[in-house]
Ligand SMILES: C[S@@+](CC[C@H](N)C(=O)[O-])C[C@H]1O[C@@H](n2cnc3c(N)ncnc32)[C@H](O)[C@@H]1O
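Quick setup: one chain, the form predicted alone, written in structure tokens, and binding and motion questions come after.
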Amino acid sequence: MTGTDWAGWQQSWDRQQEWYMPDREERFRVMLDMVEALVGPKPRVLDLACGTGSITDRLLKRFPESTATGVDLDPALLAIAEGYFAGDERVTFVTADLKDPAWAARLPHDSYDAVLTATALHWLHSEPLTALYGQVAGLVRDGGVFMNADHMIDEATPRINAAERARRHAVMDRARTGGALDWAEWWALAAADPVLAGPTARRFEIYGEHADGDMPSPRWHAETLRTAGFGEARAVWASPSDTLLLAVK
């Protein structure tokens, strides 16, 4: 893998994700603001369903004395993450399936100051997500935090939801004319890369084109996290389509 432009792949992934979420950096900023507010500037962090390590990248740049464990099952995104962070002793990556009841046993630590995730857990249906939240509660230390920034749909507001979706997709369509890559096009590039072709093929064997999960409301997430063992949980940031849900142990 020598000579692969891992930083280029990391940036390319960020740009592709920003096509779907133009406010992506804002949610990361608020996420790290709340990490600092509640557990300080030197946290031990679990980057849950880490992908290429987008959260970890921003964490380490803002808090150089922090450490991170990234966990994911996607071999292609993990290859990019491992290449991008190669040689950084603050970061460890773990391959694990979050639907496997024993996934947490693979982690290097049994306790974290913060567990952070973004735009990932909507791949899970509500039942496995409920089980995962219970496991996360066991990994967060007392006083520590869990944050999930993701699509969270309130089914009680169908007209608002439809208007938001229509506007968002109109903006995305305009961006496409400017050359923005969508999900399928980005993965086609990865499949054509000599280094990422193998991991990308394995990735699609695992997931298919896209997993079919649930997107329950922020209220559901907050109530489920409190039931799992967190003392407090509420939204600390929201866009018209997404929510950053914070829970404190």
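Numbers follow the displayed sequence, beginning with 1. Worth saying up front: this structure is predicted, and the values here are computed from it rather than measured.
Below, we turn to the form predicted together with the ligand, even though it does not appear here.
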Name the residue from Val115, Val91, Ala79, Ala118 that puts a heavy atom within 4.5 Å of the ligand in the model of the complex. Ala118
Just one of Ala104, Leu124, Ile153, Ala137 has a heavy atom within 4.5 angstroms of the ligand in the model of the complex, so which one? Leu124
Counting only non-hydrogen atoms, choose the one of 188 to 196, 220 to 228, 43 to 51, 61 to 69 that falls within 4.5 Å of the ligand in the model of the complex. 43 to 51
Consider Lys99 of the chain shown here, and say whether it contacts the ligand in the model of the complex, taking contact as heavy atoms within 4.5 Å. yes
Examine Trp13 and determine whether its closest non-hydrogen atom to the ligand in the model of the complex is within 4.5 angstroms. yes
Does Phe204 reach the ligand in the model of the complex if we count a contact as any heavy atom within 4.5 Å? no
So in the model of the complex, does any heavy atom of Leu129 sit within 4.5 Å of the ligand? no
Counting only non-hydrogen atoms and a 4.5 Å cut-off, give the residues of 7 to 36 close to the ligand in the model of the complex. Trp13, Gln17, Arg24, Phe28
